[in-house]
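Heads up, the chain below is alone and in the form predicted on its own; it's given as structure tokens.
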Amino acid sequence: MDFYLGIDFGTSGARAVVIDESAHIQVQVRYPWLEVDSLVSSWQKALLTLLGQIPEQLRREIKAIAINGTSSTVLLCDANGNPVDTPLLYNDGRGSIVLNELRDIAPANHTVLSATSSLAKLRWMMQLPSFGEARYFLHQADWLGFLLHGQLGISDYHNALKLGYDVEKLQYPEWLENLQIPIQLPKVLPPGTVVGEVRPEISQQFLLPPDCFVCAGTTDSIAAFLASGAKSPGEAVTSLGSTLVLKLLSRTRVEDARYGIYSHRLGDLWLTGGASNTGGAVLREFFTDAELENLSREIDATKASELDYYPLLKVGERFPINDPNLPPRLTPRPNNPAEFLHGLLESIARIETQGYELLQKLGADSLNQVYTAGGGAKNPTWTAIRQRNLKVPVISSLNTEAAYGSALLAMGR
């Protein structure tokens, strides 16, 4: 039997999932990030450790591998693929100092016009003393793939979107070519495309078949979407983690940098979405997990809370309201903690509804079903409140592991 390996490099650690030809999970392994390691050494150690943790009988039958990484986590490499400086993580905002320069070059409201975009990071890195040693600019998933297949300078069009790659025309746009960046930008392939076989030394070390393929990867959020089970226009995935992230499958591409809205290509469809600063982190500020579970049982989800909050931990929101000065609104606070929690859950559900309404207003397909991932998916009271607000079925994702989505990508799904 053939097996397929998906590897996820997320914010809290790395994970690997092996599936069979029927997409059933055979094994899952994890590697938590350790503070003592440098970024590059921790990535390399995690990749090799995960491979070693997979049982040998499965490794011997792995047909293909795909890796996802965090979006816009980037690094500069020399001609041999060795990093020349510390990578910049997905949430690193040092690129803010080059945004005025980028606004003069890129089209209005383009995805790259964000302090954390890959292109903003590259422009910032160009002023580093180490830049003279660099020959390649790679995303996290690109570099990890290189460690397995040995081919430098290969990316996928999910990771390359925030570098400015035109995912509609499948080429770098003229305005980006005109920047005359003095190092090699990645060659961009569709996610899941076979890049090459695993390097002989990797095959020998881990007893992988010599003809095991390594595929072009994706980002962690898209891998999680692939894992969810959503596949038709109008289906969406809401991630209820520390923040609120919406992704809606659409036949129409929707972009608006003012709200942080952008669309990833997904075959012939578009995965459009945005992220709000509200979410589970605000709930954790006031309640423990046990309190959330117990108090939720006291809430009547069929009735709307009259409390009108905008739950944020600090000033500033981007989606569905673009206002860097928007203050948190968490008053009045009732004495009854269940009432307070009801107000928070209801208000976050309203923001989710407002987000999907904005995506549809900008041209995305009409919402018809929402899958849910993240910790909030386990709260049936919140699910019922959200379904009442959204007016469409709300169900749990079939699988919430991004590594599972990458395994599906390796299998050609």
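The shown structure was predicted, so the numbers you read here are calculated from the model rather than taken from an experiment. For every residue, the number given is its place in the sequence shown, counted from 1.
Same protein, other form: the form predicted together with adenosine-5'-diphosphate, not shown, and the subject of what follows.
Problem - Position in contact with adenosine-5'-diphosphate when the complex is considered in the predicted bound form, options Arg251, Arg94, Arg284, Lys303, heavy atoms within 4.5 Å - result: Spelling it out, the residue with a heavy atom inside the cut-off is Arg284.
Practice task
Work out which of Leu148, Ala230, Leu163, Leu292 lies within 4.5 Å of adenosine-5'-diphosphate in the predicted bound form, going by heavy atoms.
Solution key: The residue in contact is Leu292.
Exercise for the section: Give a yes or no on whether every one of Asn109, Thr116 and Gly260 sits within 4.5 angstroms of adenosine-5'-diphosphate in the predicted bound form by heavy atom. Expected result: Checking in the predicted bound form: none of Asn109, Thr116 and Gly260 is within 4.5 Å of adenosine-5'-diphosphate.
Handout entry: Listed range touching adenosine-5'-diphosphate, judged in the predicted bound form by heavy atoms within 4.5 Å, from 62-70, 371-379, 26-34, 41-49
Key = One stretch meets the cut-off, namely 371-379.
Practice task
Answer yes if any heavy atom of Gly234 is within 4.5 Å of a heavy atom of adenosine-5'-diphosphate in the predicted bound form; otherwise answer no.
Solution key: No, Gly234 stays farther than 4.5 Å from adenosine-5'-diphosphate in the predicted bound form.
Handout entry: Leu226, heavy atom within 4.5 angstroms of adenosine-5'-diphosphate in the predicted bound form
Key = Output for Leu226 is no: heavy atoms all beyond 4.5 Å of adenosine-5'-diphosphate.
Exercise for the section: Would you please decide whether Gly280 lies within 4.5 angstroms of adenosine-5'-diphosphate in the predicted bound form, comparing each non-hydrogen atom pair? Expected result: Taking the distances in the predicted bound form, the answer for Gly280 is yes, it comes within 4.5 Å of adenosine-5'-diphosphate.
Handout entry: Interface membership of Thr193, adenosine-5'-diphosphate in the predicted bound form, 4.5 Å heavy atom rule
Key = No, Thr193 is distant from the partner.
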